[in-house]
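As a starting point, one isolated chain is supplied in structure tokens, in the form predicted alone.
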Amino acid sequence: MSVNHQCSYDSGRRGNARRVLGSLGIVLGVAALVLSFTAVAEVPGAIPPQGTHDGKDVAQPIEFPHNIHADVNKINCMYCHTYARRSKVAGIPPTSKCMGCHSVIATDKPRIKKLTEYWENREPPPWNKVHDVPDYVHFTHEKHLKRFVFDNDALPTENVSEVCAFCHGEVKTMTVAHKTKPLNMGFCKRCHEANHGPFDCWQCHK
């Protein structure tokens, strides 16, 4: 092979390599864009806080299947946790709300029989807390729902579970709720930084 032919051959190989690398760069760039969009697409204008936690299983008097209610039957989180939109706490639904459906639905299921027993004895099921913060931390569901849901015209209120998942994880895929987020100061701080939340100490420590 002559020198000229060798140079042309080497130049062609380099050109092909550049084109392959260029195409690969475009593909990776698009993939990264898709992934970054997917991470925040569920809640427009918001960035979920980073952090995971593997909490202990908390035994409950009845193994409430969140997945059947929130995912399969598409029941809005705020239907059961009524106080979340207007107070500090989310609240546990009264047994009367549960029985509004389950006096006629799935009455033969062991869970519902147990629920009905509590109802007939006029006793609320002794639910145990799964997600909690220390007493010196002031967290209010109302303000967070206002910021991410009610003041967010791009998010339909029926998609509120995507906001709840920021702190509670994908509860709609669980049966008994399991703590999957750390809910510590660093976790909250990262969320405030990403979503332009307040940084005054007294906002969270009363």
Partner chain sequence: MSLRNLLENWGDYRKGREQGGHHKYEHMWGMAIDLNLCIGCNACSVACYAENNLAVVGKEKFEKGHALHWMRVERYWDEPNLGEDRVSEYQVHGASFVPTNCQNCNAATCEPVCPVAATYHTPDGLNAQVYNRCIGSRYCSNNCPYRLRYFNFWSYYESSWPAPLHMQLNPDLTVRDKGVMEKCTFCVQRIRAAKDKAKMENRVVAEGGFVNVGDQQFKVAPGRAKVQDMEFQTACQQTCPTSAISFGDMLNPDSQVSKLWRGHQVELGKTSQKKPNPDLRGYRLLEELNTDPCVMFLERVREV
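Residue numbers count along the first chain shown, from 1. These numbers were taken from a predicted model, which means no experiment stands behind them.
The same protein also exists as the form predicted together with its partner chain; that form is not shown, yet it is the one meant from here on.
- Of the heavy atoms in Lys88, some are within 4.5 Å of its partner chain in the model of the complex.
- The closest heavy atom approach of His53 to its partner chain in the model of the complex falls outside 4.5 Å.
- Within 4.5 Å of any heavy atom of its partner chain in the model of the complex lies no heavy atom of Thr175.
- With a 4.5 Å cutoff on heavy atoms, Thr157 does not count as touching its partner chain in the model of the complex; it lies far away.
- The chain is drawn here without its partner chain; in the model of the complex, the stretch among 92-100, 107-115, 131-139, 74-82 whose residues come within 4.5 Å of it by any heavy atom is 131-139.
- Shown here without its partner chain, the chain has Phe199, Asp200, Cys201, Trp202, Gln203, His205, Lys206 in 184-206 lying with a heavy atom within 4.5 Å of that partner in the model of the complex.
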